[in-house]
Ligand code: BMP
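So this first bit is one chain, no partners, the form predicted alone, shown in structure tokens.
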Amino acid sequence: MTLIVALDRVSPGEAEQLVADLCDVVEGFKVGLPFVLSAGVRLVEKLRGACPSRLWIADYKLADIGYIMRLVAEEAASWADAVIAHSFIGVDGGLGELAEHLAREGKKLILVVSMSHPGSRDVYDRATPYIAAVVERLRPWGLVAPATRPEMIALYRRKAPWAKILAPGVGAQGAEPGEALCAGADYEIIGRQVTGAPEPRAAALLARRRQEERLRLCRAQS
């Protein structure tokens, strides 16, 4: 499966029903700070317990000194398989300490390498050679590159062939299911188009079918 659902703006009750409905049809769940701050860690632990076989990602987008990021990662250890951090802060005194901590704990590091908003082009994307050097040095399990920017997905697919690429922005932000996969992503992340749908399970299954259809089409054209 190549679909990950983002839990950001849902109520605790909705989240429990969503996880129950989607556990067998998605690869995992990306849990953002808005949800954790409103619902609490104990609920996230409960959700994880209801669907333990899937990938649970702490989408905290950490960007601090290594000591602080390690403390945050420790707080998420009870439920998260992976932690997302920004790559621009560098390795020494920062991401290096986080990476070492996560490796000791058997957790995955995922680094943001580009974002979907216009400001990413002004700063993040101009620093691509430096970001790529951080990625090469740390060799994280995964990278985040936006589904709305397939050129960035393709670029990092070439630069980091070992990494899993996770592409948010499918649905509400404008990318269609399957577009990021065709560009080289391993997983597409979808949020409101599924979590806000009248029938989230049906919406997730539809997104998966559209992924498969677009993949067949782009493979036939290649």
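Quick caveat: nothing in here was measured; it's all calculated off a predicted structure. Note that residue numbering follows the sequence shown and begins at 1.
Missing here is the form predicted together with the ligand; even so, the following discussion is about that form.
Contact here is defined as any heavy atom lying within 4.5 Å of the ligand in the predicted bound form, and by that definition not a single one of T2, E179 and L205 is a contact residue. In the predicted bound form, the ligand lies farther than 4.5 Å from every heavy atom of T128. In the predicted bound form, the ligand sits beyond 4.5 Å of every heavy atom of V41. Shown alone here, R157 lies farther than 4.5 Å from the ligand in the predicted bound form, counting heavy atoms only. Interface residue remark: V144 is counted as part of the site for the ligand in the predicted bound form, having a heavy atom within 4.5 Å. Among the residues M69, I190, I165, A58, the one placing a heavy atom within 4.5 Å of the ligand in the predicted bound form is I190.
Comment: the ligand is not present in this chain, but in the predicted bound form one of M115, L109, L138, A73 has a heavy atom within 4.5 Å of it, namely M115. Judged by heavy atoms within 4.5 Å of the ligand in the predicted bound form, the contact stretch among the candidates 45-53, 179-187, 157-165, 59-67 is 59-67. Along 148-187, residues P168, V170, A172, Q173 each place a heavy atom within 4.5 Å of the ligand in the predicted bound form.
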